[in-house]
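Consider the single chain below, provided in structure tokens and representing the form predicted alone.
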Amino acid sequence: MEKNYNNIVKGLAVVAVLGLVAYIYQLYSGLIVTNMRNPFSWGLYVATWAFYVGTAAGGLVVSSAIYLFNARQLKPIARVAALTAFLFAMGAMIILLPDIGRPDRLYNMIIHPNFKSMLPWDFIVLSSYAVVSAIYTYTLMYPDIAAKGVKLPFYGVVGRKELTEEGLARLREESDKKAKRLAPIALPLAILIHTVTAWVLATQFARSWWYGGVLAPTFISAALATGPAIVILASLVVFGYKDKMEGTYTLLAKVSAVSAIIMLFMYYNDFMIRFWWHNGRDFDALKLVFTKYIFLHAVEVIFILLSAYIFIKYPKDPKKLVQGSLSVIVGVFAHRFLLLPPAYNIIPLRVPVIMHNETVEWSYPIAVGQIRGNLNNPEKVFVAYWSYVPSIVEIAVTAGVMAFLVLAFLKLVQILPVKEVEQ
């Protein structure tokens, strides 16, 4: 078992290093090594960012629900949920760095923020959430940190205090009280980070695929589908499947399943409105989904429905819990990716053209920003459609960040008292 664990850690480390190498190569060569271009300026990195934000939000919702809604079944995995919330909040900020062509100029957003844009607000909310989730995690773990200490590599045990049973009991009580005070802050902030993330997209009036008020509630329901799924996987790694935690896993599975169904309902409700009018850019974007991107749409719907079925039918089967969790993660990630192509391939700038006594609109082509082809075989440098597929560099960087997050989780589980000391 230990050999398998070591092999997994080594494999994750290799993927993380390859991701770092790919990022350094991108920094040196520029964003041209990605398949993003002027007509398609957000790609895999931004889709992953939206996914990580939702996962981070879902983790802290699970943890804070213990105190706000008296969901005591979730108490055993509170620390795991809070830790995943913190890690994925950090991951959301890390994955944005490759999307920035010159991350060394990021300080300009801090020094000269444009508060008419949603991006500075998203930065503020996400940073605040990372801090709150870190404090929340520490608050939950502090009694056991004081009781056992934290063993740091190359340094030894730190933070340990000489405590009597009465002293430890008092620390647990204080920790519980502080967590109760933090919960009313953590839950709204968890909802807010996903709401603001949705607003970053929804306030782009020129992108008809995003425009509207349904995006934020869809994002929140997606977070409540993937957050519990990630917590299930993380908890199975830490605790395994124990009979005394059956109620915990069952509740998480049901929350994920119901949230996934609600998300699809809101999704298709929006589709129905677009289809009903059968006209306009909203409808043109919808047509792209069911023509050019029908396979990706089928992936998101099938995997999300499959996860809901598994969670409802087999909430007490550990293997099925893993299958359901992976299924909802794949489905929601596909959903996140599908946010982008219908938005960018409906060119907002249109030119009216009179044809056969009828005025129609043509998309005004956008310069790709790259010399394409050669003198003998020239290719278009102005396009009205860009078939975006992530490059190997984008995939390597994204996989590297995910490997880093999983590796960080595995190592922190070894260092921190994620499991409560038996009372």
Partner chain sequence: MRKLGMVIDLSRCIGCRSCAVVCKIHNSLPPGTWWQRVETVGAKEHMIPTGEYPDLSEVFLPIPCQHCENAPCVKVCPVGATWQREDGLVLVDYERCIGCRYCMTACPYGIRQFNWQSSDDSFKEGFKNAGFEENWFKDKEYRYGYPLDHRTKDGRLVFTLKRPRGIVEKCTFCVQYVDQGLLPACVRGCPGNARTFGDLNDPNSEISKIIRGRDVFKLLSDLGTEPKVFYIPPSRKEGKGGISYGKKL
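Numbering follows the first chain given and starts at 1. Just so we're on the same page, rigid core means the largest C-alpha set that superposes within 1.5 Å between forms. The shown structure was predicted, so the numbers you read here are calculated from the model rather than taken from an experiment.
The form predicted in complex with the partner chain is left out here; the points below concern that form.
Enquirer: Considering the partner chain in the model of the complex, find the one stretch among 305-313, 205-213, 68-76, 233-241 with heavy atoms no farther than 4.5 Å from it.
Expert: In the other structure, the partner sits against 205-213.
Enquirer: At 4.5 Å by heavy atoms, is each residue in L31, T34 and I354 next to the partner chain in the model of the complex?
Expert: Looking in the model of the complex, the three residues L31, T34 and I354 all sit within 4.5 Å of the partner chain (heavy atoms).
Enquirer: Please check if S387 has a heavy atom lying within 4.5 Å of any heavy atom of the partner chain in the model of the complex.
Expert: Flag for S387 set to no.
Enquirer: Even though the partner chain is not shown here, does I395 get within 4.5 Å of it in the model of the complex, heavy atoms only?
Expert: No.
Enquirer: With the partner left out of view, is D282 within 4.5 angstroms of the partner chain in the model of the complex by any non-hydrogen atom?
Expert: Residue-level check for D282: no, no contact with the partner chain.
Enquirer: Given that the partner chain is not shown alongside this chain, does F333 nevertheless sit within 4.5 Å of it in the model of the complex, heavy atom to heavy atom?
Expert: Flag for F333 set to no.
Enquirer: Quick one: of G149, P217, G156, P120, which gets a non-hydrogen atom within 4.5 angstroms of the partner chain in the model of the complex?
Expert: Spelling it out, the residue with a heavy atom inside the cut-off is P120.
Enquirer: Considering non-hydrogen atoms and a 4.5 Å limit, which listed residue (P184, G167, P348, G247) is close to the partner chain in the model of the complex?
Expert: For this set of options, the contacting one is P348.
Enquirer: May I ask you to list the residues of 363-394 that have any heavy atom within 4.5 angstroms of the partner chain in the model of the complex, in sequence order?
Expert: Counting only heavy atoms within 4.5 Å of the partner chain in the model of the complex, the contacting residues of 363-394 are Y364, P365, I366, A367, V368, G369, Q370, I371, R372, G373, N374, L375, K380, V381, F382.
Enquirer: Does V389 show a Cα shift reaching 2 Å between the shown form and the other one after rigid-core superposition?
Expert: No, V389 moves less than 2 Å.
Enquirer: Quick one: once the rigid core is lined up, does N70 have its C-alpha move by 2 Å or more between the shown form and the other one?
Expert: For N70, whose C-alpha is compared between the shown form and the other one after core superposition, the shift is less than 2 Å.
Enquirer: Core-aligned, does P378 move its Cα 2 Å or more between the shown form and the other one?
Expert: Comparing the forms between the shown form and the other one, which are aligned on their rigid core, P378 does shift its C-alpha by 2 Å or more.
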